[in-house]
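In the block that follows, a single chain appears as structure tokens, in the form predicted alone.
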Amino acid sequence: MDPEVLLKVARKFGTPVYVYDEDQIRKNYRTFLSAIKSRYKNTRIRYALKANPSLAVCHILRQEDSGVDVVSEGELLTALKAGIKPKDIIFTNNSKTDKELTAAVDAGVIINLDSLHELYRLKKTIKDKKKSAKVSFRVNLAVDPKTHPKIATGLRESKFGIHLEGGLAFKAYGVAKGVKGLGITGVHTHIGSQITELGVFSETTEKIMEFACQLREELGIKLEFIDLGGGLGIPYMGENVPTPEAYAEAITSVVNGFKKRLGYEPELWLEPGRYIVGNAGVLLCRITGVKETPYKKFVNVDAGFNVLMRPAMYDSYHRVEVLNRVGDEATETYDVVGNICESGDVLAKGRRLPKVSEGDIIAFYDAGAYGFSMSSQYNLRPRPAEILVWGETAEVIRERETFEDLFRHQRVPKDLLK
């Protein structure tokens, strides 16, 4: 986004504030989908809602004909509220509550089961409600995605999925086939996030296609879809990452190679999240002061890891820019730190920036994914506003929280008020 546009947003709406570029979201979606469909026409996108669950973002993607991957009842309700059709929603997590299973059954979405135990609980749910359900299983393929350990979900030690090894996933499909009211619609896997090596995508696709063949050959199960999850990384540090075209070639060459053996052509589902919204979002903060110590120079800003958790949680890197000093020579080295009372509240370490002053506006780029969605009210700080920009227009899509919001749902027993 244009620095001048961002400065206008900061001045008009205050800081900290998240800003999203609608045009960039649409461009990312179309680029990703086009790369896949040019190689495998029968492709559908199921946007990973957890990356950015804003209702406005969901409406943008609904207009682009995207489905969604949801991981909670709240995300399910968000998708439905945005007008996403139930057939285009897949509900995936590793620990669904009875309430969530009931909500998913009532909504008629695809329920992606994570264990045999979940299957048995769903069996009871549909029996009690006298309803049917469409299901798939998340399969753990024991693939190392070569990403940060906290976002690697395909490892054999991971909590996610039913393991392929030992015939466990095969057994799950066999059991599900015999459950009245259950319709087996697909198979799912997701090995991790911010992945930058194509080889792991090829390995994943090879294993899941082999399994799909086994299901047809030994159980007579034909799948409506094969869901490869998401995970394609973006260049936070300007590093080289695979393009959507390279990613598409890596997976579709494998899928196409199995067509003859599989004997039918299922839909290919993909769940990009970060790629769609990551570079479309910016967090704007205001400098509250500069502190020089005998060891470092700190830039204090009016946001902390309650607003942008990724650096503290994953040691993640976000490019930073002082918007009102664009073009000035970078002569100083700073740590940009937040206002949370924790030593780990460092948003950017050792950055070369122009000499800054109180009141300057700093932009944290590539903050559209897992930014606001991971925010909190820690230290009793209200969460920031979210702004959507298109062309010269900027509009609030989430109001800034107030101090009243911090106390809205709290109750004090009468005896404590004496």
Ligand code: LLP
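The numbering used is simple: start at 1 and walk along the sequence shown. On a predicted model such as this, the values are computed, not experimentally measured, just so you know.
One more form of this protein exists, namely the form predicted together with the named molecule; it is left out here, but the text below deals with it.
- The candidate site formed by 88, 131 and 181 is entirely out of contact with the named molecule in the predicted bound form, as no residue has a non-hydrogen atom within 4.5 angstroms of it.
- None of 185 to 193, 76 to 84, 121 to 129, 283 to 291 except one has non-hydrogen atoms within 4.5 angstroms of the named molecule in the predicted bound form; the exception is 185 to 193.
- With a 4.5 Å cutoff on heavy atoms, residue 298 does not count as touching the named molecule in the predicted bound form; it lies far away.
- Using a 4.5 angstroms limit between non-hydrogen atoms, residue 230 touches the named molecule in the predicted bound form.
- In the predicted bound form, the named molecule lies farther than 4.5 Å from every heavy atom of residue 207.
- In the predicted bound form, at least one heavy atom of residue 273 sits within 4.5 Å of a heavy atom of the named molecule.
- Distance criterion of 4.5 Å from any heavy atom to the named molecule in the predicted bound form singles out 374 from the list 56, 374, 385, 35.
- Exactly one listed residue, out of 225, 314, 258, 211, brings a non-hydrogen atom to within 4.5 Å of the named molecule in the predicted bound form: 314.
- Contact annotation for 69 to 93: residues with any non-hydrogen atom within 4.5 angstroms of the named molecule in the predicted bound form are 69, 92, listed in sequence order.
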